[in-house]
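Next up: just one chain, as structure tokens, the form predicted alone.
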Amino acid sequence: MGQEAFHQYYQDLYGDRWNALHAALISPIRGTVAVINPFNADQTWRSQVQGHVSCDWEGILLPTSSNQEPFPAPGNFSMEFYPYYLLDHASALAAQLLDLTPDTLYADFCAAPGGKSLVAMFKLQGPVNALLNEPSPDRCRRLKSNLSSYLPNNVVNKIKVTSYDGRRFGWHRPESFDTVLLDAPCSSERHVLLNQKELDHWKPKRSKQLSELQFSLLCSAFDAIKKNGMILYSTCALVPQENERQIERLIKKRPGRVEVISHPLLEKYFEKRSHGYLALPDRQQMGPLYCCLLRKIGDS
């Protein structure tokens, strides 16, 4: 297995598109944007940052150039709170689908480093009742550090950080949340391509193993939301079995109770799949990111 098998696998999946997609995946990341932190009152950083406001949401600052690192690291500024959060443009757009309110009971099952949840809170510009779960102790520490770097105490105090197995929330917290983000562990092919050791040891069964974990997490998220509750399921994987086929599996497992929701941002910026949407760097100049917005319907 290894590098040759990897390329053959994705060549078979993407056909003539694979060469261009592969080139985009190993190129310097160009889709990074800065999501402005409304909790930071000090605006002196703006004179040092070259960018322009997104037409979709003024909270997103787009780079004015295609440099590998278009914005300074937010920690470079001596401020009470970091002035912006850097992440891929596709992730910033997807996080806007998390339409939180002060009354929302919100959960993020695989939260670290916290980017999408922070963006959702930036959009709300206020506290939300949130449970941010990260099973990895090291990543959980990073999550807590990011929360304290970006959010004031009155917002942080409404957030509960846990380190549980996300597959258990459906059993222990059934029908508890209005909105759940499931940014699931995935094959992360871009990371594999940029890590020669991982590429040398790659095997097709990697995706199959991850897909079983993803589906258990997705079922847990579905069982943990209330009727009419929403799930945002996302991965940075390229393979359908980790993306749209997971949604197909859920629809079959919970017949008549799953509604797939569209959104103008997804229609505008992402490629449509049988269920959900995918952004890829060869055509969308951002991602990879798959996301699907779901609503729980039918009887509880």
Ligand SMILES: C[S@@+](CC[C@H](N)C(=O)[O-])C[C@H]1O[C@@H](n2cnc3c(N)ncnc32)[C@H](O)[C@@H]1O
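Bear in mind the structure is a predicted one, so any value in this text is a computation, not a measurement. All residue numbers are counted from 1 along the displayed sequence.
Form predicted in complex with this ligand: not shown, discussed below.
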| task | Determine whether any heavy atom of Asp223 comes within 4.5 Å of a heavy atom of this ligand in the model of the complex, and answer yes or no. | result | no
| field | Close approach of Pro72 to this ligand in the model of the complex, 4.5 Å, heavy atom | value | no
| query | Does any heavy atom of Ser187 come within 4.5 Å of a heavy atom of this ligand in the model of the complex? | reply | no
| message | Using a 4.5 angstroms cut-off on non-hydrogen atoms, would Ser145 count as touching this ligand in the model of the complex? | response | no
| Counting only heavy atoms and a 4.5 Å cutoff, which of 223-231, 160-168, 190-198, 124-132 contacts this ligand in the model of the complex? | 160-168
| Residue (of Ala107, Ala112, Ala90, Leu218) lying close to this ligand in the model of the complex, criterion heavy atoms within 4.5 Å | Ala112
